[in-house]
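Just the one chain here, laid out as structure tokens, in the form predicted alone.
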Amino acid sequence: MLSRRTALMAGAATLATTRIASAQARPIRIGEINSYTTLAAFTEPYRKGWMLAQEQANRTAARPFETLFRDDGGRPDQALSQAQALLSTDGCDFLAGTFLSNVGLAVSDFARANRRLFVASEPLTDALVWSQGHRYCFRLRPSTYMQAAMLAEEAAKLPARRWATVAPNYEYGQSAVRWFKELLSRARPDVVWVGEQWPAQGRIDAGATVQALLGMQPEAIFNATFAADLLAFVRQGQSRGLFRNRAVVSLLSGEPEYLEPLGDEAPEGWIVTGYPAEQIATPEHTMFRDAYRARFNELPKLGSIVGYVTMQAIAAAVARAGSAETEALVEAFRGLTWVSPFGPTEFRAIDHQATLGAYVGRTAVRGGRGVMVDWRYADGRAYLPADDIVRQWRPQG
């Protein structure tokens, strides 16, 4: 007959084993926040890419992943409410996502205050990893600085001297214009900036914007509008002759989400960053594209890549950490390397910025639809500031 002491020890061992098994079985829960209703052209493919990566990760993961998707309506206050609920009510282990730069910055501030991990997938603001960077925030996509540097490199080859800019009047647009102007002026000191247009995001008066740009008489234009604003700008610009005999350098405009809706109205010859999904033949991308098409019966868009790679990176970080605990994951993300559909990728330890790059090329119309031609992959590593510059820009910690 067992003594009372032996029985108690056996009971404690059984309870401990049960708790360990329970912890191992509990899914790693991710709270994902994004602008699903306001920017569906990007975020719906994004969610599909995310789910494909999650399904792939769950085939081998020690603990399964579960994602709770929440809509921020494109508003920082709504994103913060969702973030609070995801952590305190829904029991999420960490946060991820966001699209708009102002929303991403708000969630990043929340993560810093609460010392919880935030993996920012899409917001392009440089502040996220530099002037407002902190221990708990990591960002995947190439930032406004990185993509502006890619485009300025091409713009410097143009003969144009007189430049005008147009961009949405919030942090993303302001940062994109600032860096493009600075980097192009550095490469081409003879450039003259003749004017700027700052339409409200999502509410562009395209006719007035185009007329204002015509009045500036630029030889070239830098454009950072996107989504519905880009469509309106292109159509008004085409009808009023703004793009005739003028170079246009345009951030994001080669992404299928924004180029395809223009159909045969797509501009010809713009220098853009984007994603020529059908044409990329690297083994890593072909494997991703084939899996995505088999799963969803469609070609991926840039949003598909961003969602897929964000979830792919999270799975790699959890495997490296052996845990979903915040501090362990932070250390795992610092210097994390993995192979994305765009090739080898890393989260830099110094600033938590990923080295994921972008495709740079020109727009054209083929078969009645807009496509990218003459493109190349610009590896993000080549367009990031040196460590000594980052130390000046980023606060410690």
Partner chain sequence: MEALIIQALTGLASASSLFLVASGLSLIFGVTRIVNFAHGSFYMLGAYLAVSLLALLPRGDPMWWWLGVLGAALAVGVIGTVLEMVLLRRIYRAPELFQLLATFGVVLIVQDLVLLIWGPQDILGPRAPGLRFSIEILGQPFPVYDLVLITIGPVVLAGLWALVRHTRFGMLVRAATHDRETVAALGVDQRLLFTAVFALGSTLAGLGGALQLPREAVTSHMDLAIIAEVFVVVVVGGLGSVPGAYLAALLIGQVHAFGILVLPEITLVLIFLVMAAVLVVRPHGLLGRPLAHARGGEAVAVLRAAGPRVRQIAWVALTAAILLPLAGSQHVVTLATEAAVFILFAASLHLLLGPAGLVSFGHAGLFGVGAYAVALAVKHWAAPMAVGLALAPFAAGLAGAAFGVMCAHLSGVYLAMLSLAFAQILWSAAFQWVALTGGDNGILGVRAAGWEGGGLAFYYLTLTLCLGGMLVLRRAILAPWGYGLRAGRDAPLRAAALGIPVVRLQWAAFAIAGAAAGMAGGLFAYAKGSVFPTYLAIPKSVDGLLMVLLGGIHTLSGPLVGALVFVGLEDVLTRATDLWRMALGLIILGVVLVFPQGVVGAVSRRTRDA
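The structure displayed is predicted, hence computed values, not measured ones. Residue numbers count along the first chain shown, from 1.
Keep in mind that the form predicted together with the partner chain is missing from the display, and what follows is about it.
- In the model of the complex, no residue of the candidate spot (56, 66 and 116) has a heavy atom lying within 4.5 Å of the partner chain.
- Across the options 320-328, 195-203, 147-155, 279-287, residues that bring heavy atoms within 4.5 Å of the partner chain in the model of the complex belong to 195-203.
- Put simply, of 212, 191, 247, 291 only one has a heavy atom within 4.5 Å of the partner chain in the model of the complex, and it is 212.
- A heavy atom within 4.5 Å of the partner chain in the model of the complex is found for one listed residue only; from 183, 316, 80, 160, this is 80.
- Although the partner is absent here, residue 269 lies well away from the partner chain in the model of the complex, with no heavy atom inside 4.5 Å.
- With a 4.5 Å cutoff on heavy atoms, residue 105 counts as touching the partner chain in the model of the complex.
- Within this chain, residue 352 is remote from the site of the partner chain in the model of the complex, having no heavy atom within 4.5 Å.
- The closest heavy atom approach of residue 333 to the partner chain in the model of the complex falls outside 4.5 Å.
- Along 79-98, a non-hydrogen atom within 4.5 Å of the partner chain in the model of the complex is carried by 80, 81, 82, 84, 85, 88, 89, 90, in order along the sequence.
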